[in-house]
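Here's a solo chain for you in structure tokens, the form predicted on its own.
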């Protein structure tokens, strides 16, 4: 009887998530341009994903972005949250709002703003000129060596606020007596952080990593607005390849196979992070 209460929510979930996912899996077994009749090709689209050097590079770019979207924000967020929590800064709600502000801005708006900052005549090069480092200026999003790190930096800026707020919430629940006990044992700030703070926010770190890793792997709008996968294919990522193949090249079956592989990869990484977090809590 209790399952009847869950039925409306399950129907909505199945209609808008499970059915499209099953349909994508089905399409991935066909060679289809989206207009004419599809032909069955079995696992050929998946074999092409593994054999295509460009697609392997796109997945590699997504893994690089994990470092910028997840690892760096977690490290920076831990430092910022520890400082704000330990120093008992006056006006903490103001700092929380400022840090979290990027999260309330649409990613398309963020991408347009940063594209202007990274432009050859944009704010970053102007700043370098002003401090006498004009020789370092370049078209950051048009350079083969800096385009992907530039996109990653935007991801770090965008995700750090979310991670910091999550960690601040976790640190706010730590019993102050634990810190007092650590100080009585002669622990300094670093030892307090390693022995008390870090183990206490393991769950929040797990949640933050899960959210930011998913954001890194499914990044599309940032890449589309800033570089469209260029220069060359140096910033192409799987989600952009899904769009490119489905709507530009008419390879809907191949696009569906990439999407399924990306979904499996996101699920696998999220599962590992969750398991590690749960093991630490137990």
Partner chain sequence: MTRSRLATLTAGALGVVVLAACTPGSNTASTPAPTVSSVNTDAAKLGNVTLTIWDQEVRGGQAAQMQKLNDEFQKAYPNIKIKRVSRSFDDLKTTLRLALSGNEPPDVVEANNGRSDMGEFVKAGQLLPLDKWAEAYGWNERYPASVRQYVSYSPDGKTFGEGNLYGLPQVGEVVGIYYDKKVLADAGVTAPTTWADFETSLATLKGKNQVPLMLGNLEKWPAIHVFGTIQGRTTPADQIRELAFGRQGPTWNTPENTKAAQTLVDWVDKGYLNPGFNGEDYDPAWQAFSKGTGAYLIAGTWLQADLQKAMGENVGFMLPPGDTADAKPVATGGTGLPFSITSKSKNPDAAAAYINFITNAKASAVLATTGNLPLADTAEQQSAGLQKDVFTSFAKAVDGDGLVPYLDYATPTMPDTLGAALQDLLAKKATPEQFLATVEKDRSAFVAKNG
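Every value quoted in this text rests on a predicted model; they were computed, and no experiment measured them. Residue numbers count along the first chain shown, from 1.
Keep in mind that the form predicted in complex with its partner chain is not shown, yet the notes after this line are about it.
Although the partner is absent from this view, residue 45 stays clear of its partner chain in the predicted bound form, with no non-hydrogen atom inside 4.5 angstroms.
Taking the partner from the other structure, its partner chain in the predicted bound form has no heavy atom within 4.5 Å of any heavy atom of residue 239. Within 4.5 Å of any heavy atom of its partner chain in the predicted bound form lies no heavy atom of residue 68. Among residues of the shown chain, residue 60 is not one whose heavy atoms approach its partner chain to within 4.5 Å in the predicted bound form. The candidate stretches are 142 to 150, 156 to 164, 171 to 179, 207 to 215, and the one lying within 4.5 Å of its partner chain in the predicted bound form by heavy atoms is 142 to 150. Not one of 193, 200 and 203 comes within 4.5 Å of its partner chain in the predicted bound form, counting any heavy atom.
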